[in-house]
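So this first bit is one chain, no partners, the form predicted on its own, shown in structure tokens.
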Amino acid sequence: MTAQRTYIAIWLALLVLTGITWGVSYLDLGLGNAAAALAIASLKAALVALYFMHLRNEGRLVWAFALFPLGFLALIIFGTLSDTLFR
């Protein structure tokens, strides 16, 4: 029963974060809109990975395999931003 409550709480948190993303899109923050959207999306992805993909209780090897692609993602984002900002 507690697992179901946890999943429902995480689902509600994801809904709230989606609403916050929608609300932030109506604010004029300049580049802050993209930064806020990326931060909220990262938080949502972390919640999904930790609770729905059950990474919260996994060992170091599984964590290493789960985090390894994030390094590539950081490289892609860095490459894209450097190309966009210095063009």
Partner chain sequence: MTDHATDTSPADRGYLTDKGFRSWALTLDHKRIGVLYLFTTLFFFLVGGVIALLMRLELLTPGPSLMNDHTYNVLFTLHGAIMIFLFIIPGIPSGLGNFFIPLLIGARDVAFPRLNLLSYWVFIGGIVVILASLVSPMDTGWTFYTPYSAKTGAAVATLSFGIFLVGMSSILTGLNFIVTTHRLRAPGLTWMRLPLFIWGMYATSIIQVLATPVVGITFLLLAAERLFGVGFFDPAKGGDPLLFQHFFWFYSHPVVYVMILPAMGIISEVIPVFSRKAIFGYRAIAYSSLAIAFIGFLVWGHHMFVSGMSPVAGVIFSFLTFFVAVPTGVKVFNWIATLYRGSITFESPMLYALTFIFLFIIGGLTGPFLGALATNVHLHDTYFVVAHFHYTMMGGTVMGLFAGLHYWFPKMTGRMLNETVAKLAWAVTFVGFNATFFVMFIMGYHGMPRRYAEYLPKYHADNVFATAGSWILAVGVAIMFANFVWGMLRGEKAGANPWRGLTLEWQTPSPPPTENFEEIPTVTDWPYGYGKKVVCR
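The structure displayed is predicted, hence computed values, not measured ones. Numbering follows the first chain given and starts at 1.
Another form, the form predicted together with the partner chain, is not on view; read the next lines as being about it.
For the chain shown alone, L27 is not a contact residue for the partner chain in the predicted complex, no non-hydrogen atom being within 4.5 angstroms. Using a 4.5 angstroms threshold between heavy atoms, R5 stays clear of the partner chain in the predicted complex.
Contact annotation for F72: at least one heavy atom lies within 4.5 Å of the partner chain in the predicted complex. Within this chain, L12 is remote from the site of the partner chain in the predicted complex, having no heavy atom within 4.5 Å. Contacts to the partner chain in the predicted complex (heavy atom within 4.5 Å) from stretch 68-86: F68, P69, F72, L75, I76, G79, T80, S82, D83, T84, F86.
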